[in-house]
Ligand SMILES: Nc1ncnc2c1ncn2[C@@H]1O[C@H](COP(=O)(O)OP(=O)(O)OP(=O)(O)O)[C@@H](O)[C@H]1O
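What follows is a single chain, given as structure tokens, in the form predicted alone.
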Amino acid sequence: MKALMISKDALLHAEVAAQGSARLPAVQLVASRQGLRDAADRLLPEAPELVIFDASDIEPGEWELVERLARQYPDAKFMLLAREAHQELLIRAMRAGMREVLQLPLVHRAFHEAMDRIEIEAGITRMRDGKVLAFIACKGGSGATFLATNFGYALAALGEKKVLLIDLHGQFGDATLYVSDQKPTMTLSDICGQINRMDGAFLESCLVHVAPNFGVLAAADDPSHAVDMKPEHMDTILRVARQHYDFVVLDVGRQIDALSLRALDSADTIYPVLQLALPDIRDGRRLLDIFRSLGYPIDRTRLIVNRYEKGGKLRLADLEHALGADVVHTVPNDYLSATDSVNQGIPVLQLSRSSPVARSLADLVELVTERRVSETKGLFDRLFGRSDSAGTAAGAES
């Protein structure tokens, strides 16, 4: 959103510019004016979408200039900043079409909340009703973190969705390393420590941005900070996340504690990840028994078998019979592609887009987004660089 800033305060200008640039999409201060008369006399060649006006030094006779400016930029949204919001000031602001009045010194959360309202009204952004998808390992080493992180990237890239992944590992969470070489500047524990600041812009600023529409909230880097993370914090984080993301992917890990349990309670779908082996089946049964004791509906839990190979002694039917649940998706055993992806910290879809595991992730995106093949075929063909016949052959081989 392109904005005009009217203020004599250089520090305030810099503060608003910094807060605006942290938003997604960013608020760009394309021009500044020292006062109302300067703004009214020197119109911008291209009308701004937003006018931010500092009324700290406004003179009584200058309000007509505000109304004049509103007529000159009829399609712009106006935000008024004032040190003291007197009744007369508010009345004149409303008459001039200003709907957002913020008190100085600037409270960042109030600024971002006002910007959220402005962007929704302008049709730039919309409040979402995001789905929460939880990936949880039935057994250590099942590949749940690999699938959660790479599925999140695939959902953003193929499904064209805005996706957030939250690493809920209580200790040694490393989800960011699977898809990025960036070092997190903020973690889940940092957010919980500043939960009163929680809004969409603050959450977005705390992420490792893997792609423009895919970010990762890293796990606490110090296990001792876990005591500061409360279940009610997760309620707040997920409430805000649902409003600003199409999908929120949770990498739950294997440990079920008060925080992860609250997250699982909020999940729309839970994906236990396991391999087709007896230890995994045994631990998977225990996990599903826990879910049943918690009253989770059976249709909320959907099994994913990772590193699947046909022709083994154990069959998918044996697994489903033992666990009393259906397998909704299998991921092929593509060791080389998966290992290269993990070692380089690059999503497998980006590193080896024609690999079987990448194709499987694309299929899972179709399953979750419920988009028909006819709607996504062109997108997949472009991504994987295949013709129709090649795509059919690859599907037959998998």
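For clarity, every value in this text was computed on a predicted model and none was experimentally measured. A residue's number is simply how far along the shown sequence it sits, counting from 1.
Note that the form predicted together with the ligand isn't included here; everything after this is about it.
- Although the partner is absent from the chain shown here, none of S7, R83 and A93 has a heavy atom within 4.5 Å of the ligand in the model of the complex.
- Put simply, of V342, A31, A70, L351 only one has a heavy atom within 4.5 Å of the ligand in the model of the complex, and it is V342.
- Between the options H244, H169, K77, H112, the residue in contact with the ligand in the model of the complex by a heavy atom within 4.5 angstroms is H169.
- Using a 4.5 angstroms limit between non-hydrogen atoms, R254 touches the ligand in the model of the complex.
- The shortest heavy atom separation between Y178 and the ligand in the model of the complex is within 4.5 Å.
- Although the partner is absent from this view, D334 contacts the ligand in the model of the complex, with a non-hydrogen atom inside 4.5 angstroms.
- V51 falls outside the set of residues with a heavy atom inside 4.5 Å of the ligand in the model of the complex.
- Only one segment in the set 321-329, 142-150, 286-294, 114-122 has residues whose heavy atoms sit within 4.5 Å of the ligand in the model of the complex; it is 142-150.
- Contacts between stretch 38-72 and the ligand, counted in the model of the complex as any heavy atom lying within 4.5 Å, involve no residue at all.
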